[in-house]
Ligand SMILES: Cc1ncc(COP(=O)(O)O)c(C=O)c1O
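Take a look at this one chain, the form predicted on its own, written out in structure tokens.
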Amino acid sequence: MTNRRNFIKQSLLASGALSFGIHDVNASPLSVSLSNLNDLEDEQLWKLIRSQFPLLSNKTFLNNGTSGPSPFSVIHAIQNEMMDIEKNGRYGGNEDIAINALARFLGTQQSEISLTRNVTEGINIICWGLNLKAGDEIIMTKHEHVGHAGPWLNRAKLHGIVAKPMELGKTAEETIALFKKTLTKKTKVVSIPHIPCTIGQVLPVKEICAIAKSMGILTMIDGAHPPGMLSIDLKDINCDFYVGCCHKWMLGPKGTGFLYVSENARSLVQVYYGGGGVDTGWDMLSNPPKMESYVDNGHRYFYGTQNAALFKGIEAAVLFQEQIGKQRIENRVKQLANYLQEQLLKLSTDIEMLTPTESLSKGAQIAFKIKGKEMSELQKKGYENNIITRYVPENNINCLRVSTHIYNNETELDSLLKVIDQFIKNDK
């Protein structure tokens, strides 16, 4: 009888894995309601939201800036859609569902959104599509991710355009002043991160875009981090191009992203990759064969067979964030980051804070270094204690970057602070 019970138990576990995905069996089910969040006390609220993720309870994940774990609702949306596709032999679809969700989430028109696989793809579309010539200058920063720097540096190598990196100030006002000093008559494009991947500083992109626009300069914002962290509105920022991804702070499917091209700038970006959906018509029987014009929306920049299940996942990620509330999320993640920054500054005079303390210039990422210390070693110490952070080697910065999201809490940050304290004291 015991063997029979064990067999039934194992069979049920196996069937559950097939139905819902293999995850921590102690994790709370998706059926937990997020519909009455306003009725909950603060800590109850965040405990409930934490239960919506399959993150292992013994892991302190503080590297959402690299890739964010998806909640059950996103995972299940993808799984269910994939199963429906395979059951019914469906092909493609869901592009409009994903575009509608993203446009609503970002404050844009649906026609201004293109679906991409990641930020790098969107940056390449703009970088190579703009009509630039040798000697034209592109303003960037000294804190670029390779996915942003790579396309521009490659075009500089091949076409002779000039990438001009600017320094960042400790305040928004200082950064604007440094930006103005970098401008010249040869500046054609400003291509900067909204939040650099290195130190988590929030740049005054709205003000920078306004200055550039007044001078007839195009603006592209690398928005890998803000969507899902900050309550942003792209129309308010008023940039020409904004490139983002869904797999970081939006907590969406990996391998999904978006490109925003403002309606006014659409005609300025040449299409170089063609395929289904890009054009208004094509004819191989005419002499010579021809393609008509490009579609007058974001579909001119993406094409071909896509994973329709991932597009459903994008919708589910947006719905999850909307249920909680964009402003509530921003307040929470900033609160945690502020707590960490304040405690670090109290911990030791050896800590050098790289993320500005000015509220306008910080979001939910805190970056710091310790005098005389190799910060990759601190990252390793964290891993030994199941604390996941991000070491930043770019441009010899040698710092540790900590990302705080809605599934984190102060207790987890206290665990990290304890590891940092021990790391500082061990060599003294």
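When you see a residue number, it is the position in the sequence shown, counting from 1. Just so we're clear, the structure is a prediction, and the values are computed from it rather than from any experiment.
Note that the form predicted together with the named molecule isn't included here; everything after this is about it.
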**OP:** Answer with yes or no whether A224 is in contact with the named molecule in the predicted bound form, where contact means some heavy atom within 4.5 Å.
**Re:** yes
**OP:** Using a 4.5 Å heavy atom cut-off, state whether G65 contacts the named molecule in the predicted bound form.
**Re:** yes
Original post:
Do H247 and the named molecule come within 4.5 Å of each other in the predicted bound form, heavy atoms counted?
Top reply: yes
Original post:
Is there any non-hydrogen atom of N297 lying within 4.5 Å of the named molecule in the predicted bound form?
Top reply: no
**OP:** With the named molecule left out here, work out from 96 to 104, 279 to 287, 204 to 212, 117 to 125 which stretch has heavy atoms within 4.5 Å of it in the predicted bound form.
**Re:** 117 to 125
Subject >> One residue of K188, H145, R332, R155 in contact with the named molecule, assessed in the predicted bound form (non-hydrogen atom, 4.5 angstroms) >> reply: H145
Subject >> Contact assignment for the named molecule in the predicted bound form, among V261, L310, V74, C197, heavy atom within 4.5 Å >> reply: C197
